[in-house]
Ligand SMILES: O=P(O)(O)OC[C@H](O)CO
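Before any questions on how it binds or moves, here is one chain, the form predicted on its own, in structure tokens.
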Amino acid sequence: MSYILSIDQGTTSSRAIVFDSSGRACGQAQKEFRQHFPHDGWVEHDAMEIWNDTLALCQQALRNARVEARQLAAIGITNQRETTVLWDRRTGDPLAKAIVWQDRRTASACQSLRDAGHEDMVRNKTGLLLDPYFSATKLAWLLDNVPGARPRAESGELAFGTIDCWLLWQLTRGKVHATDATNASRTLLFNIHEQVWDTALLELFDIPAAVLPEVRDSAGEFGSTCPELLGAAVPVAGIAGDQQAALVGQACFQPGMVKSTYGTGCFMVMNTGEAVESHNRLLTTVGYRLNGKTTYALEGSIFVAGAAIQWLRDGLNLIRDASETEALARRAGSAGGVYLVPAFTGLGAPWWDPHARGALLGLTRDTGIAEVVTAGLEAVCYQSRDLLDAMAADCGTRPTTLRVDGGMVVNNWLSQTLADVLGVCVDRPMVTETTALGAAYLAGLGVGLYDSLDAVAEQWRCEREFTPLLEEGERQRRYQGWREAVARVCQSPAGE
């Protein structure tokens, strides 16, 4: 039996899962890590904490699976995207805390670039918008605000990477400084059509090329781990950003297939095959790159999904555990006209308003904990409707099925409400942690454990299908209430 170790490094926790070749999880380990909020709108992580946790979790997952490193065919890495790390090539030490994708500190820099008329050029080359969500302005901020960083970067002493790149560097003890095309496509520095770091973009953001990693396919040889880390040298053979990994894990290999992942944020991705320009403020991105061929996707990003439930738990102390939300929502039935707009760090697609802030609207004397918690769950569904409507407008056809995954969709009430709000069938797979599974599949493809995407697709199984039950008029009435709530907090209407 061949095994694959999947590293799934997320925004609030890191995990490692050992899969067998049939896609069955044999053992895993997971740990939450600290979030740092030094200023309003700033979010940081300790990159060394992430690495140390990841290594310990890999070791623990192997023990839990009763698998030795020498039995591993490969390692796959999937990661929170856009989060930016800058480190010393000689020591391997970060120069500062990593700036997380949620961080909004560079909003004014992005606005200045938009005001100067650069957004069309950036969008045409990268498929992205000028937003602090992406890596380029974060990296520029580090170079300009960490003492001595810029001259050291220009002289080649420093390395930049997203979390996948950082973990690969550590796993290979600094022998490999590389990323894959999906993660590169989220930096604002990578030309997704030519598949190269773009000279004009580097000049625009004032980024020295010397800090950049090599960009490789999503499946293939990335180097091997140092034997002392896990007990054997294991090839790292697959890397993809978390949402692209989930696209692979959900076997969305045909144009028009859509998956949506519900974790800290919510990310809906449609396989488009060729690059499709969005006219509804979605992102054109790399879905995966295999054997030098790029498959493109449309993506809509919601910054706060599960993080809203985390806030209800930790910030307001309304619940003790996320698992309580389903029973509360069933008791309430609906939020009763209460809307939670979780714009804690601004709004993502299709609004792209970094200045919006959260609001709880429609409160009455009858509103209680159950209604507020239900509003938090419904907000995830309404935001998903925003994204699906935008995708339908861009592609000229509305998908009839949505494949869902992530920790939130084990909640049956949420999955059914998604179907009701979207008006499409929602399919939940047997394996809901498809982000980690996708990384495993890519690693398996990279070492020949799977001979094609068709072989991967044959393993996908639906655990439950949720069909819409809500009457159309009621569906539209509730969604219109959501749009009105968003208008109360959003300073930049979608499309402007």
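Treat the numbers as computed from the prediction; the structure is a model and nothing was measured. Heads up: residue numbers just count along the shown sequence, starting at 1.
One more form of this protein exists, namely the form predicted together with the named molecule; it is left out here, but the text below deals with it.
With the partner left out here, check for me: in the model of the complex, does some heavy atom of Asn79 sit within 4.5 Å of the named molecule? Although the named molecule is absent here, Asn79 would touch it in the model of the complex, with heavy atoms inside 4.5 Å.
Would you classify Asp242 as touching the named molecule in the model of the complex, given a 4.5 Å non-hydrogen atom cut-off? Yes, contact at 4.5 Å.
Given that the partner is absent here, does Phe267 sit within 4.5 Å of the named molecule in the model of the complex, heavy atoms only? Yes, contact at 4.5 Å.
So in the model of the complex, does Tyr133 come within 4.5 Å of the named molecule, heavy atom to heavy atom? Residue-level check for Tyr133: yes, a contact with the named molecule.
The single option of Trp351, Tyr339, Tyr296, Trp101 touching the named molecule in the model of the complex, heavy atom within 4.5 Å: Flagged contact: Trp101.
Which single stretch, out of 8-16, 482-490, 21-29, 469-477, brings residue heavy atoms within 4.5 Å of the named molecule in the model of the complex? Selected range: 8-16.
Even though the chain is shown alone, can you say which residues of 137-175 have a heavy atom within 4.5 Å of the named molecule in the model of the complex? Nothing in the stretch sits within 4.5 Å of the partner.
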